[in-house]
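The data below hold one chain only, encoded as structure tokens and taken in the form predicted alone.
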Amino acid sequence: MLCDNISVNGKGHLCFARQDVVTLAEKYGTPLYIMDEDKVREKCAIYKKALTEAFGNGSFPLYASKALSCKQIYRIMKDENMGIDVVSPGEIYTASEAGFPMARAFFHGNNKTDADIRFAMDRGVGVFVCDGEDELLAIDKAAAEKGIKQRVMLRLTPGIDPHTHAKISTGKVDSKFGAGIETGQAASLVATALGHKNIELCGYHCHIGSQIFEISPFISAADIMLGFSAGIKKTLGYEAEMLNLGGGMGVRYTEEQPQIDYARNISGIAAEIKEKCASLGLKVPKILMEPGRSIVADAGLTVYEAGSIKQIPGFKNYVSIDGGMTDNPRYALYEAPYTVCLANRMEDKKDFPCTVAGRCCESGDLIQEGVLLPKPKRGDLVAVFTTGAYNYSMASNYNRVGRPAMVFLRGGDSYVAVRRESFEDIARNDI
């Protein structure tokens, strides 16, 4: 199985976090997002322990909200004493309304508006991750108006190509994010930050991409960032207190992909950072990381009901479901791989090659192609694994399809964390 929270019971039904997925679908309806809360908490503990052991107190993980943002996930992050990475006023609002202590929030984004900046300050966001000079000046101005000194990290682009999909690669010099080190813009941004009295510069940030299965790109990024830090210390006398290496460690969507030992990866990165700091005459900074996908992806599963089964002799077969790109657009966006099964027929022979297609009026509305399933019947339950990240958070109402409910599983119980959208919800803002 892809993950240790997946099993099959005596009825031949898929179980997730030891609960029968067929029973959950009958109780809550489909499409249905299912989240394993215990798995989420387990992953938080792994990151916290690994960072503390590798770098000492003061180094900690930030949950990357963009992977999955809802009130319940922020309550869990509060319980687990995690920091959070937020990228919009909507995420800030949701987290603060859920009672998350916003001093532990880091506000990202390449185009924070003046209104965004003021809203974040009003909600008590602890650190702004500044993307460029325009934003830095806007933060300084807003902080002056409010009579505060705002803590800021600077997002830099180290020029690393992590050899992942182009649409989730973010650390190259021509990225829309951050200030380039090799272009000299990063050094200029540091000088500007140090020259403004309403800015407290507390360190540097980088993020090189997502779905990275090796540690070498993270080590290369850290080497470049530390080399930059040493140069700034020499020229401007400023040594960074914190270094945020972003997120991006991969997760398994298919059996062919490797299983990552996150704690071992962090230990390996730490050894290189400590050696590099010693050679450069730097103190080892507090190290932050921003796991998102690797916290919630394999804690999630989506279950659908099969509808029309279409066979085109000599060409292909389609299995249509009652969801699709409205609740999971990742295949439509970049052909993301997934593992698919029939939750109510786990022990039947898989001899029917097919494409799992969504319900939208769009040819590209597909969940996965080249899938082998038992030949489905109308009413069978189609389960898609590893959907905890970038599914609900990227969902839409295209074709006026409502977003699914989200159910969390905890210690053998289940509860609704996000209600299913009604037609009234969809039309609520219409005039």
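Source: prediction; values computed, not measured. In case it trips you up, residue 1 is the first one in the sequence shown, and so on.
One more form of this protein, predicted in complex with a small molecule, exists but is not displayed; see below.
Contact annotation: of the candidates 344, 150, 210, 320, the single residue with a non-hydrogen atom within 4.5 angstroms of the small molecule in the predicted complex is 210.
Interface membership of residue 291, defined by any non-hydrogen atom within 4.5 Å of the small molecule in the predicted complex, is confirmed. Under a 4.5 angstroms non-hydrogen atom cutoff, the small molecule in the predicted complex lacks residue 384 among its neighbouring residues. Among residues of the shown chain, residue 247 is one whose heavy atoms approach the small molecule to within 4.5 Å in the predicted complex. Of the heavy atoms in residue 155, some are within 4.5 Å of the small molecule in the predicted complex.
With the small molecule left out of view, the stretch that reaches within 4.5 Å of it through heavy atoms in the predicted complex is, among 137-145, 346-354, 327-335, 267-275, 327-335.
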